[in-house]
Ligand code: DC
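Next comes just one chain, in structure tokens: the form predicted alone.
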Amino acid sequence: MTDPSPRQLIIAIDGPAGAGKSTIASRLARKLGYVNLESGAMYRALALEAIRWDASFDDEAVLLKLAQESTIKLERAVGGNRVLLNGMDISARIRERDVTEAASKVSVHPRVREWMVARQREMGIGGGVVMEGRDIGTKVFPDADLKIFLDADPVIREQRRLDQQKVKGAPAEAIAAELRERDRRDRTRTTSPLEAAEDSVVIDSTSMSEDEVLDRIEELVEQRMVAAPGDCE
């Protein structure tokens, strides 16, 4: 009798900007052979489409129409996902500051989030996914096998974001101000505000290295697999 195949988990990683979610999720997915579903990349793709059409970030109806008429795909690639918008590779463009800032404005609209959540569930329902964002464990996959809330001191998060952006010449104070404003929007929006799920494991990465965070999450993944071996029913 052969051993059952390892269970294909749904792993949710939530947390504020600058906490290290994207990097950790990408590395964890590669190590497990899972798909890394970036909810943020999907909102960035929609934000880029809004920029292209010169649509107002405050016009929920127009943004929803753009979302419904767009095809957003995430494809596994060496070093991270390729993000495709209507067949065009926009992986690099959506990491630029104007798109990042626009995405946080686009994502506050309830109907836009509902549409995105439905697409994200379709993409991850079969398991074998690591999904990061701000409401994955509370809204997108409330029954995820493992929920992580990755946080860090605001000063540390600002420094990390600065380190990411400094090669582009972005002013330090502007980056810090954007991060604080993004935190405010994420935590105070009426639909799916940023908060840790009651059953999530909170990891404060303030004084932890990237490898230490990854090791801790891998331990939790192994515990979940041991607790529930075999395929999901």
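Throughout, we count residues from 1 along the sequence that is shown. What you are looking at is a predicted structure, and each value in this text was computed from that prediction instead of being measured.
Although not depicted, the form predicted in complex with 2'-deoxycytidine-5'-monophosphate is the subject of the following passage.
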(request) Check each of K65, R30, R189, R180 and return the one that places a heavy atom within 4.5 angstroms of 2'-deoxycytidine-5'-monophosphate in the model of the complex. (result) R189
(message) Counting only non-hydrogen atoms and a 4.5 Å threshold, tell me whether E38, R44 and I136 all contact 2'-deoxycytidine-5'-monophosphate in the model of the complex.
(response) yes
(message) Given a 4.5 Å cut-off on heavy atoms, tell me which of 204-212, 66-74, 181-189, 52-60 is the interface stretch with 2'-deoxycytidine-5'-monophosphate in the model of the complex.
(response) 181-189
(message) K147 versus 2'-deoxycytidine-5'-monophosphate, in the model of the complex: is there a non-hydrogen atom within 4.5 Å?
(response) no
(request) Although 2'-deoxycytidine-5'-monophosphate is absent from this view, report whether R113 comes within 4.5 Å of it in the model of the complex, heavy atoms only. (result) yes
(request) Although 2'-deoxycytidine-5'-monophosphate is absent from this view, report whether A103 comes within 4.5 Å of it in the model of the complex, heavy atoms only. (result) yes
(message) Going through 194-226, which residues have a heavy atom within 4.5 Å of 2'-deoxycytidine-5'-monophosphate in the model of the complex? Please give them in sequence order.
(response) none
